[in-house]
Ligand code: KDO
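As a starting point, one isolated chain is supplied in structure tokens, in the form predicted on its own.
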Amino acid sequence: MKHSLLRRTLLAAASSVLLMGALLPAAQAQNKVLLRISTPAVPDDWHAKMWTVFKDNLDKSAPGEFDVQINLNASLFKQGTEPAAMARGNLELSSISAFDIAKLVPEFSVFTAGYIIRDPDHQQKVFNGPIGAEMFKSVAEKMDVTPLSTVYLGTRQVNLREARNVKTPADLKGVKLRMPGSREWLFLGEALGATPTPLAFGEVYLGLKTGTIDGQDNPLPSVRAAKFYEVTKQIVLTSHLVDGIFIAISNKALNAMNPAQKQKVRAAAAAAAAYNNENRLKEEAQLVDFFKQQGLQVTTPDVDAFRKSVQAVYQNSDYAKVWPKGLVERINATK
């Protein structure tokens, strides 16, 4: 009788141990901080690959603490809908553009204007300094998302069908320059001194080939990818828009973390941005030689003349009315 009772007790104890062993991984998985990432980026793009760097960084700094799920190709949320999804708490992380932010934080539109950011180094210094801290605070308050790091997307240059001597905006007078169709983009084309011509991206190659347009503007990697070098003769390194996106996290997700986890997530975002920025800059630097090999003239105008002229056009426009007083001067003074 005693032996039978002891045997049943031992069997029950063994079953409990086995059950706890089976449940432990599930409990641990439930305790992990879920970080769902949504991006429209395609797998071979640097700002898709950077999310793997983000995940690997967290796996090393906080093993077993986070469940990072990367969704590329806009497979989880459509491009442009991510900020609203993060604000609702349906998404933890994404990369958002200055244009996305400016819809809800009007003063952020300063970063959609030409010649506000000089180059990629200036971009990082502005957003990693006091100006970035102030602007990101407004974003967090008004959008319920917090930008963590700034990702370099590329610098837009002017690409012309026929070569011409371009030193100042006056030299682009009469040039039919293809721009995306929105009001903001067309205004930028006008500020550059050209005649902005709206045209869908898919029609640009034929437009350049037939002369419907005289030129287009894009970062150099896009010029190569779309093969615009086949139907143009010159690239003018105007560097008129240093484009970027921001790795951002929902306030709900960030506020649920302990201080150590927050720090690790910020460090992972910084590592991801640094990876993207380094590789994208390296690619852009190599492309100047590539275009020269394709027979294009690559010229540099008087960029200071362009900057002064374009900034003056913006400062006298309705766009500047929502910019904080003195902000452009502070950005220009950032070295």
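Note that the structure is a prediction, hence the values are computed from the model and not measured. We call the rigid core the largest set of C-alpha positions that still match within 1.5 Å between the two forms. All residue numbers refer to positions in the sequence shown, first residue = 1.
Although not depicted, the form predicted in complex with the ligand is the subject of the following passage.
For the chain shown alone, L296 is not a contact residue for the ligand in the model of the complex, no non-hydrogen atom being within 4.5 angstroms. A41 belongs to the set of residues with a heavy atom inside 4.5 Å of the ligand in the model of the complex.
Contact check for D45: a heavy atom falls within 4.5 Å of the ligand in the model of the complex. Of the heavy atoms in W185, some are within 4.5 Å of the ligand in the model of the complex. With the partner omitted here, the stretch from 168 to 176, 213 to 221, 261 to 269, 133 to 141 that lies within 4.5 Å of the ligand by heavy atoms in the model of the complex is 213 to 221. Comment: the ligand is not present in this chain, but in the model of the complex one of L153, L192, V126, A253 has a heavy atom within 4.5 Å of it, namely L153. Proximity to the ligand in the model of the complex, taken as a non-hydrogen atom within 4.5 angstroms, holds for one residue of L91, V236, I245, L148, which is I245.
In this stretch, 91 to 108, the one residue having a heavy atom within 4.5 Å of the ligand in the model of the complex is S97; the partner itself is omitted from this view.
Relative to the superposed core, P180 undergoes a Cα shift of 2 Å or more between this form and the one not shown. With a cut-off of 2 Å and the rigid core superposed, E141 has a Cα displacement that falls short of the cut-off between this form and the one not shown. Once both forms are overlaid on the rigid core, the distance between the two CA positions of F127 between this form and the one not shown is under 2 angstroms.
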